[in-house]
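Taking the form predicted on its own, here's one chain by itself in C-alpha cells.
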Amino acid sequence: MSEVLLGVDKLGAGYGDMAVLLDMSFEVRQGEIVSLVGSNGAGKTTLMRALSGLLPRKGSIRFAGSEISGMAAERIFSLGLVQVPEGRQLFGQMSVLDNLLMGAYLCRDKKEEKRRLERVFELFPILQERRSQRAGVFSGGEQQMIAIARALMAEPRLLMVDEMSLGLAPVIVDKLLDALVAIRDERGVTVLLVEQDVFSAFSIADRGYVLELGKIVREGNAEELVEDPEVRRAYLGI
C-alpha cells in the first residue's frame, strides 16, 4: 500500500466564533485520486482553505511527512500542496500566459519555467494557441483549464480541486475529469477532488468521503459509495 501523503486528524476550522469543520479526519495516499463530496454548506471550501493555510485551524495536518497545521500558506504551497480554487479566481485582464506564470512564481530558473509551460500546453493545447489572449474572454470550461494549468505550474505533489464542475456542461466536465486522470497517471500527481456532483467525483476516484455539516459521515471505495443507498438518496434523489 502506498504511503500517506496527506493525513488529517481531528481538524477543526471556521470563521470567527462559527465552527464549520468538526473533528474531521481522513487521508490521501500517494498516487490516489480521492473525491470528497458534500452539498452546499457542508464545509468543502472551508476544508480547502484550512488545508492551504488560509484559515486558523485546530488538530493535525501532516503533508509529505511534515506537520503543516501551524504553517503559513506560502510555506504549505512551497511544499507542493496546491489548490485550484472554487470559481477559478483568474486574473481576467491578464493574458493566459501571465496567469500561468503566476503559478510558477517560486521558480527562479527560466529553463525550468519553460519546461513547465511546455508540459501544461501538452495537456491543454488550446492554451498554447491562445496564450496571448486575456483570460477573461475564455469560456467557463476553458477558464477552468487555465486554473488547473496555473496550479500545475507550481509542480504540485497534491493537487486539490474545489468544485471543478460548477456551472459547466457535462461534456466539458468529462474532458476535465480525463485531464485529472492524466495528471495522476502521466505526471504522478496525487489528486483531491472536492465536489457536489457525486457521479463526476466518484467516476474517476479510487476512494471517497462524504461530508455533511463539517463531519465525515461515509468513506470507502468510490464504486461502493456510488451504490450506497444513503448516498444515492441524499445526493442523487434515488
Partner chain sequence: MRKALPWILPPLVVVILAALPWFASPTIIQFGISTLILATLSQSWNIIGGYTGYASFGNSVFYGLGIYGTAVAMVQFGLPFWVGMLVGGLLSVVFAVLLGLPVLRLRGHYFAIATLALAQVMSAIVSNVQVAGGNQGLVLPLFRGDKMFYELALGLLVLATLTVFWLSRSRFGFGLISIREDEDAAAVMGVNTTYYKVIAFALSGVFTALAGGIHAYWITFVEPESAFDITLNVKMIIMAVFGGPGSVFGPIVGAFVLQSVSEILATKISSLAGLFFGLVIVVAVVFMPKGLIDLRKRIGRLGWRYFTRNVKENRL
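Small disclaimer: the values here were computed from a predicted structure and weren't measured. Residue numbers count along the first chain shown, from 1.
Another form exists, predicted together with its partner chain; not displayed. Remarks below refer to it.
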item	value
The single option of Ala73, Ile126, Leu166, Leu123 touching its partner chain in the predicted bound form, heavy atom within 4.5 Å	Ala73
Proximity of Leu90 to its partner chain in the predicted bound form, heavy atoms at 4.5 Å	yes
Its partner chain contact at Glu112 in the predicted bound form, heavy atom, 4.5 Å	no
4.5 Å heavy atom contact, Cys107 and its partner chain in the predicted bound form	yes
Proximity of Leu101 to its partner chain in the predicted bound form, heavy atoms at 4.5 Å	yes
Neighbours of its partner chain in the predicted bound form among 50-84 [non-hydrogen atom within 4.5 angstroms]	Leu54, Ala73, Glu74, Phe77, Gln83
